[in-house]
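Below you will find one chain, with nothing else, as structure tokens; this is the form predicted alone, and questions on how it binds or moves follow later.
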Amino acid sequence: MEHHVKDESLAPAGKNRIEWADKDMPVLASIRERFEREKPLAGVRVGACLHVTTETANLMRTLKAGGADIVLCASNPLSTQDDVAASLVFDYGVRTYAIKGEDNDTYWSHIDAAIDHRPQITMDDGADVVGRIHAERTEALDGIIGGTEETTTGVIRLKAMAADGALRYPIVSVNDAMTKHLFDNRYGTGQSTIDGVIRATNRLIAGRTVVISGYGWCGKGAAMRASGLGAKVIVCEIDPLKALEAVMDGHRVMPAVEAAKQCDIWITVTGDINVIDTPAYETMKDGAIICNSGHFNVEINIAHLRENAASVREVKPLVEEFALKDGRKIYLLADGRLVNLACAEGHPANVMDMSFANQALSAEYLVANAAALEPGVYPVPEEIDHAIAALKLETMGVHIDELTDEQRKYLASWQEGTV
């Protein structure tokens, strides 16, 4: 079977970790059992570009159980878990192209391998496959019925394509499902980002000043976890509503150039470019640690650091020290790539359970409904979102109330009010 992974001998360890994660992904497991019986994806070719982690492996198992023919590649050069990639190939028969630390050329060759599969469904985390197909591999458009997108950054790109009239097939925005962004982005990113910072640096968080750029769901999660560990949190925002929310949540809010003077640790989660830029570097506190938990490594202007450093060295794995000409030192984690995946293991399985349940059910939805969908970006159908939430509650042993007939009638009427 064609593949490109680091080392076949890593497969047994990867299989153990995949099974461990599966124990905390009961919703996806229940979908896999149904897919095994019903085969809703029988013969459907899937080109998946996702972080190759234990949780993703269980999604691949679910798609394969449904009958899908899959090629998987990495959506980030530093996010692959090499033992998991090996196990996917040698234990589960999933063609996988992913090596942690792969160079840029290898990264794109792996994406081309997924496109060479001539997928009928694309499954993206960052829209690199979709972008490549539309810009350079247009021959692959023939036969694609639809796609899914996992992350905010990818959705932004896809909506821009749709607005320009460039998007050629329908894509379901898994990222915008309530059971994804309310939980994965907030609790998953929040925990895994702080986990990545701690694993990379072994710095105490309590008493430090942590700056968060971007107060969307990911930023809220990171701020919440940093605050919970005793950090003093500063938020940098461009949206007045989100800035106001940060203030109401008890955080200080200020421009980046002011925050730079105080920051011990700086985390970007915006999806935009050069969020930490020249003005911030000019005032940045000596010894500051900077990192990114947004999808692409463009949020930090790394070129400025390299151009203005008197010396650069790796002081420990994935920690680079930039000694500036004025004597200050700034520390960059994971080359500005996703710190939660490069320096830790990404989101915990329990929260990815819902995100990847959305992926699996959205793929099933596309097979059944893509013929009726025009090119564009679509939300996950509400019934899928609610079904996943209900399944998750069931697996947690949590029960909720149901409306009575009287209550349904009241909510559906306009005649009744104050009596």
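Just count from 1 along the sequence shown to find any residue number. Computed from a prediction, not measured in an experiment: that's the story for all the values here.
Unshown form predicted in complex with adenine; subsequent notes refer to it.
- The closest heavy atom approach of residue 35 to adenine in the predicted bound form falls outside 4.5 Å.
- Contact annotation: residue 352 falls within 4.5 Å of adenine in the predicted bound form, judged by heavy atom distances.
- Although the partner is absent here, residue 346 sits close enough that one of its heavy atoms falls within 4.5 Å of adenine in the predicted bound form.
- Taking the partner from the other structure, adenine in the predicted bound form has no heavy atom within 4.5 Å of any heavy atom of residue 58.
- Residue in contact with adenine in the predicted bound form (any heavy atom within 4.5 Å), chosen from 127, 291, 235, 341: 341.
- From the list 60-68, 352-360, 368-376, 38-46, the contact stretch for adenine in the predicted bound form under a 4.5 Å heavy atom rule is 352-360.
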